[in-house]
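The form predicted alone is given below as one chain in structure tokens.
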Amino acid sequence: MRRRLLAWYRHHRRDLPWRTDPTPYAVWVSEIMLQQTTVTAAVPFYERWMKRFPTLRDLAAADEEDVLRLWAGLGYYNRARNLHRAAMQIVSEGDGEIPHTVTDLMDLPGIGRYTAGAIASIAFGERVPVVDANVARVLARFFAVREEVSTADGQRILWDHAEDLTQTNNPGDLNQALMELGALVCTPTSPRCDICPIQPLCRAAQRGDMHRYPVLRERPEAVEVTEVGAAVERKGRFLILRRPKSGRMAGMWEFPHGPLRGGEPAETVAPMVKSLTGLDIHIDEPLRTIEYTFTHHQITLHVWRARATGGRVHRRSHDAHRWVALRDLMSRPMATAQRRIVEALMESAGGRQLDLLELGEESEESAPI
């Protein structure tokens, strides 16, 4: 199996930027970005990141908001925060060198067994395994693992098999071959067994029951949530709020929004904004309806364009606010759903777009309207 995998990988591996020069830092950044993100989506973010933070010390010296701004659009923002914190920890507590061993790597924020194994094997040649979703699928089919792969028993079996396989002179390539095979050939719904290099040895393929593996836990149904929000304008600038440094979407900027609490969405926007910010507003027009998924929630966010007409900004659940010109909104670290509100504002500006884009610096004023 090792020989077949390594031979296949040498001929079929994708040309990815972090494989060109697999430094420990490059491997680390790429592996964090690839958590919950496809390779296609991650590549442009990786390239921008490495241009802005080419070394670990550059990252450690950066401001967190700058880090989040570069990450905006990738989601799961704790990944970026943990990268930043780990870089600062390495520089402050050590000599600026990324640890070589799985044990030491797992002492860093945001690095678990999989990421530690990937860095140690690919960057340092350590004979340690990795098991992500792709690897779990390959191994579960190859060895016909009957246990549910997310259980303790299932995980133990998969990691034991992976550990056996990495006892080779090329553990990094072996691990990447397993990941690549799962991504390109041994796919979740339509495995391409006819071109698989290990098909003659695969137990599931021999039995013709590839779709029985891996055994997965049934996913809970998504909870549907309706929210209302407003792009509140004052003197050509828009109000955005920054979430606290801990909790969901920590440190990210957003427009005022909240869950629908009875009644029609259009009737609840102004009371929501008043409760959240202390401002009185006039609703101008619907701006956009945005649908997105967050954990097990399917969220529908109805957003209106509005004007501030009175009151003074207070912040009950946020730690900062700004009145920001349209041209500067995209430079703020925002979740994807919030960035879509900015896109809608730019699309709807029409004849006023040039004026809005040319407005000057942001303001933190909280004086009465």
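Just count from 1 along the sequence shown to find any residue number. Quick caveat, the model's predicted, so the values are computed rather than measured.
The form predicted in complex with the DNA is left out here; the points below concern that form.
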Practice problem: Just one of 264-272, 93-101, 187-195, 200-208 has residues with a heavy atom within 4.5 Å of the DNA in the predicted complex, so point it out. | Solution: 187-195
Exercise. Identify, from the list 126, 233, 173, 180, the residue with a heavy atom within 4.5 Å of the DNA in the predicted complex.
Key: 180
Self-check item: Contact residue in the predicted complex, from 320, 61, 41, 330 (heavy atom within 4.5 Å of the DNA)
Solution: 41
Self-check item: Distance check, residue 248 to the DNA in the predicted complex, heavy atom within 4.5 Å
Solution: yes
Quiz item: With a 4.5 Å heavy atom cut-off, would you call residue 89 a contact of the DNA in the predicted complex?
Solution: no
Quiz prompt | is_contact(residue 142, the DNA) in the predicted complex, heavy atom dist at most 4.5 Å | solution = no
Exercise. Classify residue 219 as contacting or not contacting the DNA in the predicted complex by the rule of any non-hydrogen atom within 4.5 angstroms, answering yes or no.
Key: yes
Quiz item: Is the DNA close enough to 65, 283 and 304 in the predicted complex that each of the three has a heavy atom within 4.5 Å of it?
Solution: no
Quiz item: Counting only heavy atoms, which residues in 14-30 are within 4.5 Å of the DNA in the predicted complex?
Solution: 14, 16, 18, 19
